[in-house]
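The chain that follows stands alone, in the form predicted alone, written as structure tokens.
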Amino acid sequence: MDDALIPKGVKRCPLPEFLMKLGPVVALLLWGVVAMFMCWIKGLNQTNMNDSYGFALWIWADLTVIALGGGAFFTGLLRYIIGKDKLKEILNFAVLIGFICYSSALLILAIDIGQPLRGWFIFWHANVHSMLTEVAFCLTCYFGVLTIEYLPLVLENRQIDRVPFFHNLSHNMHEIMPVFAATGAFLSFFHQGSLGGVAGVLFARPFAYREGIFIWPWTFFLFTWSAAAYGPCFTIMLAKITEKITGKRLVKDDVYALLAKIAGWMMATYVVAKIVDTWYWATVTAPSKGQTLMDFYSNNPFYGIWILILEIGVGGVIPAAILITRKGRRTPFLLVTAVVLGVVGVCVNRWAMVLQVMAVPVLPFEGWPMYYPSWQEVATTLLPVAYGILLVAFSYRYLPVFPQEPELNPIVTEAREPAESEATGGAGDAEMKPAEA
């Protein structure tokens, strides 16, 4: 029965072996579920958050997965609106990663608010003066869009596709997908930007505060820009990891090269804008508030100047320089190095804009407050990681996530007969042994 669910033209390992390999991931998932229910039943006293850190590890993880999930809306925009048809070979995977990232973000928020049964308050009793209200609305709506984009992939499962209604539904949904791609890009622009805008309008926190255009601080645009630049890097990185684990080629090199090229130039322009923003902030904005650049950095290991160097230099300039060159994109080692450094760079950026904003002292008698997450916070932060691994594994096994996989990994079930081999000059003597996932 399991073989009947596997997409045509591909090979998968036996079901017992598949489930056994996922054992440690399931254990990690259960650990996170236990911690989640402890936070819901006993309250947020299970965390190490305090008066200085009302936003902490969870919000960093939330902003990070939203940024990394930006590969879904940007790849969809490139494919359906701009017309980069070659990216259709990796679009299914990008949508899957986006679906995982945004559902994880909503799960993290459900844990963070402490009383998830009151989560609907933000919709019914909306604070129209808060950018977080707009984030909540756009985040929820875009998750709905991603669900709609992921649904046709589910309907293409071999058994489900045999039902005429689902077959026709999947076909018709593909026809109208450009509408959802455009809607997703619109929603993503605003919620990605508003997440940055929340930090940028904190005039009492000079580390985060920025000048801007009308009501939008520079961070509004930088957050959207960085999600579009670094999100595709995360998609490429996870696709490469999937290839490594399965022992198969899943996406052609020219597809990787195209997406990496676009991401590289987006990253390069973003890094230039980020450097200009940092220079203006350090020389104009911060001094106007009575502080200097080094007032925002401490000698402790968490908030040193190394954060700025790691974010802009190591996680920005270096990967951008690699990806905008043809040789860098075409060299596997350099490509993987660039996308990994890019992912690190955007993670560090979100870390600084969540944790360091809270840590920098703003009053003369204040010091640098420290924060160490509790094991419950760590477990619930790793919970979406385990969930994501499981969803990728089951989607890869039962859904046509990578359209090019059958072409790149042809299956030969039987060797040719000796007589046929002799007639063809021995061409059939060699039997291909397909890699199994």
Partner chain sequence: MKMDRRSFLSFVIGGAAGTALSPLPWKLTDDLAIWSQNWPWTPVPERGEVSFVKTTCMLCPGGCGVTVRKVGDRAVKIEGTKGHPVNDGGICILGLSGLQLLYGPARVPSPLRRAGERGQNRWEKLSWDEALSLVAERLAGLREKKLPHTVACISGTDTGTVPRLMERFLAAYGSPNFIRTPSMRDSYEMTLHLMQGVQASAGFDVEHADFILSFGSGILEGWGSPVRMFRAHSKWKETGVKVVQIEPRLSNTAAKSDKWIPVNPGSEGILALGLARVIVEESLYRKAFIDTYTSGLEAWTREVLGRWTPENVEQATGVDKSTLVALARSFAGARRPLAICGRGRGDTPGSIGEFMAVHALNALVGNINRKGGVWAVPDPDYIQWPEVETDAVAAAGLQQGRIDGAGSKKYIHARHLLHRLPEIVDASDPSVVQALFVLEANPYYTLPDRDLLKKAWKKIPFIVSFSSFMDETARNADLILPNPMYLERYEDVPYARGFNKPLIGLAKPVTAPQFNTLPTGDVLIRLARALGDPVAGAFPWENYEQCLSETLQDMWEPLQETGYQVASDFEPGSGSGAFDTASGKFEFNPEKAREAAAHVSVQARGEAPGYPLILIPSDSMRRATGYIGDPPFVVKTVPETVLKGNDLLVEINPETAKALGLSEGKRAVLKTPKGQARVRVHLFHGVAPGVVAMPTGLGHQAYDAYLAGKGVNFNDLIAAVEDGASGLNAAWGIRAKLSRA
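Just so you know, these numbers come straight off a predicted model, no measurement behind them. Positions refer to the first chain, counted from 1.
Heads up, the form predicted in complex with its partner chain isn't pictured, but that's what we're talking about next.
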**Asked** Exactly one of 302, 121, 280, 186 has a non-hydrogen atom within 4.5 Å of its partner chain in the predicted bound form; which residue is it?
**Response** 121
**Contact residue in the predicted bound form, chosen from 269, 325, 337, 159 - any heavy atom within 4.5 Å of its partner chain** = 159
**Prompt:** Counting only heavy atoms and a 4.5 Å cutoff, which of 317 to 325, 98 to 106, 228 to 236, 111 to 119 contacts its partner chain in the predicted bound form?
**Reply:** 111 to 119
**Asked** Is residue 166 close enough to touch its partner chain in the predicted bound form, meaning at least one heavy atom pair within 4.5 Å?
**Response** yes
**Prompt:** Which of the residues spanning 348 to 367 lie within 4.5 Å of its partner chain in the predicted bound form, based on heavy atoms?
**Reply:** none
